[in-house]
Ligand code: SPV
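Just one chain is shown here, as structure tokens, and it is the form predicted alone.
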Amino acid sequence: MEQKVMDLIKNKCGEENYKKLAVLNNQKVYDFVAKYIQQCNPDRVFVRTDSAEDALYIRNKAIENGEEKKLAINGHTVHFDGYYDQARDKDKTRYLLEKGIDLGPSIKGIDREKGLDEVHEYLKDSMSGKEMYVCFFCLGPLNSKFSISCVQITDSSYVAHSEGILYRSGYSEFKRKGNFNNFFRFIHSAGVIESGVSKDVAKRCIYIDLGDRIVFSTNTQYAGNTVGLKKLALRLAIYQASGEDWLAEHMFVMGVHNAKGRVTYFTGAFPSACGKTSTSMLTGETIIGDDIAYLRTKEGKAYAVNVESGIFGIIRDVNSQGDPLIWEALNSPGEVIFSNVLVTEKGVPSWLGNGSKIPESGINYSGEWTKGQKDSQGKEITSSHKNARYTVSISRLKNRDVKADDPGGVLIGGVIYGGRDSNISVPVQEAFDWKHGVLTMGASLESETTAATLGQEGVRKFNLMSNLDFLSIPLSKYINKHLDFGSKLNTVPVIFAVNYFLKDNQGNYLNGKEDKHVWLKWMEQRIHKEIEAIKTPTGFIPKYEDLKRLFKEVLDRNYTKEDYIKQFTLSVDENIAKIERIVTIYKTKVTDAPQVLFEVLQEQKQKLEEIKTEHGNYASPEILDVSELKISD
């Protein structure tokens, strides 16, 4: 049987690529590759090792196959997804579940046998006339107990190219580990290609088999649906972490530096397009990763690594003033993939909010485009898609942290939760303790939707830990895992909540785009107990004098008492209404929600009602600062 497997692989791989697999001495890899050679029927197979030559081969294939086109700057390319294939398809992303397994009403599943039959039917001969790419990567630093090895099979040179930028090459890890079984597997086919894009997006499906640790993706090209090691692998990792007492999170990892050279590392969870990347890229600070982190305990402390080595970032509103470091990387020679932007006849990419005038015409995700053009439903086609992206290696960034590849991870001092919230939460606040932060800031997170997922924008949605879309275990179990994680620590990270999107009654933002840097510096000083705070029913908030000093130090800006009161006035009714919404969700949509969640939320609600009785619906920070809630650490 094993010889038949190897003969099949050799027939499609040819001598050179066969040798690349043969030296791995891993039967599970051989079986996986052979099965999908037989199922997908590619004309030929290319095996990607860690070599620069193999990476270049795939980059060149992406141009040759028409999945990417060269741009004016050397190393820059553009990729277009289909008009109706522009975001993660949450509805078609489902778990393959054995009979009797229920992950809860918020997690979509399908009968495992039925799902396997369906996806294998889509995959049958899907690579006929194409080349199959077999790629090896590592989620996390090499030779680290944090990390997970992966094999990706795809017929898309764009997907293989993207992963080569976003992840550490893992071929050498497979050689080092030998005949091991603990790795993730991914199989993707773009399906029938017409005019350069997936034709059958109506048959798009993304299925996740938790027990077998494999992800299937068909009839789609958008990276969120196809780059298996990103959010699809996060689902597998959450499932694995739940049984091994660590956390797999939708979080950045960054270092915040003070004037004396101290570095404090933070993780931060934000839904897409809510400021996660821009926070992790603040000038003067250092980035380890902007999207996914694995957290483990060592000697009673929390450590984290960045799962990725690149950024798949939303490009809308990236400009030279707001994002100077990313802007420099996107405008300098070197490897960058732009997706679903507008490209002018001179080969220059243009996107919404880049600080320049929108061109009159060009090529975009709809094809040839002119200003004012509408689609078949009469909807105006924007020059660049709202969810247009860039893919770039973090090594291209000047603010890359020196510990970015440290196999031991970095010590975490603070955890941040953030989302889009126009009228409830203050710009920054600190939890009373780990339990309070997990339950009222993480497990109670709401955010207004954006173009990063399919569906209506601007709708307030529940999104605990900014990880709801990616959960592969019941919500109650996930919350308890977080509580347990903190309970085992001797040195506990401080939890914070931020909100960059607070508005006044006229709809004007109360935060400047750069203000987040001040909130971050305040958090860093709170972790080290260098400043006091005001205790409110929802958490600790800054004192005016500290923010006035920090705005001058960080932004060289005068910060007025008027701005402070507008930003940090407690909206009591809105906070109470939020608690009631969250309680309803957990009582009606979550099986066996932790009782402690209801207790903590009820206690917070009671404190809010006491404030309302004494001070009315809007309690300014000055009122709270002289109340009995005042604290001094």
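Numbering starts at 1 and follows the sequence shown. Just so it is clear, the structure is predicted and the values come from calculations on it, not from any experiment.
Just so it is clear, the following notes concern the form predicted in complex with ligand SPV, a form of the same protein that is not shown.
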Original post:
Within 4.5 Å of ligand SPV in the predicted bound form, do we find a heavy atom from each of R420, E448 and K578?
Top reply: no
Original post:
Here the chain is shown alone; which of R204, H385, H161, K230 has a heavy atom within 4.5 Å of ligand SPV in the predicted bound form?
Top reply: K230
Subject >> Proximity to ligand SPV in the predicted bound form, single hit among H482, R389, H76, R526 (heavy atom within 4.5 Å) >> reply: R389
**OP:** Sort through 400 to 408, 222 to 230, 319 to 327, 278 to 286 and report the only stretch with a non-hydrogen atom within 4.5 Å of ligand SPV in the predicted bound form.
**Re:** 222 to 230
Original post:
Looking in the predicted bound form, any heavy atom of S272 within 4.5 Å of ligand SPV?
Top reply: yes
Original post:
Just to confirm, K521 within 4.5 Å of ligand SPV in the predicted bound form by heavy atoms?
Top reply: no
Original post:
Closest heavy atom of F312 to ligand SPV in the predicted bound form, within 4.5 Å or not?
Top reply: yes
Original post:
Is D291 close to ligand SPV in the predicted bound form, meaning a heavy atom pair under 4.5 Å apart or at it?
Top reply: yes
**OP:** Give, in sequence order, every residue of 73 to 90 that has a heavy atom within 4.5 Å of ligand SPV in the predicted bound form, or say none if there are no such residues.
**Re:** R88
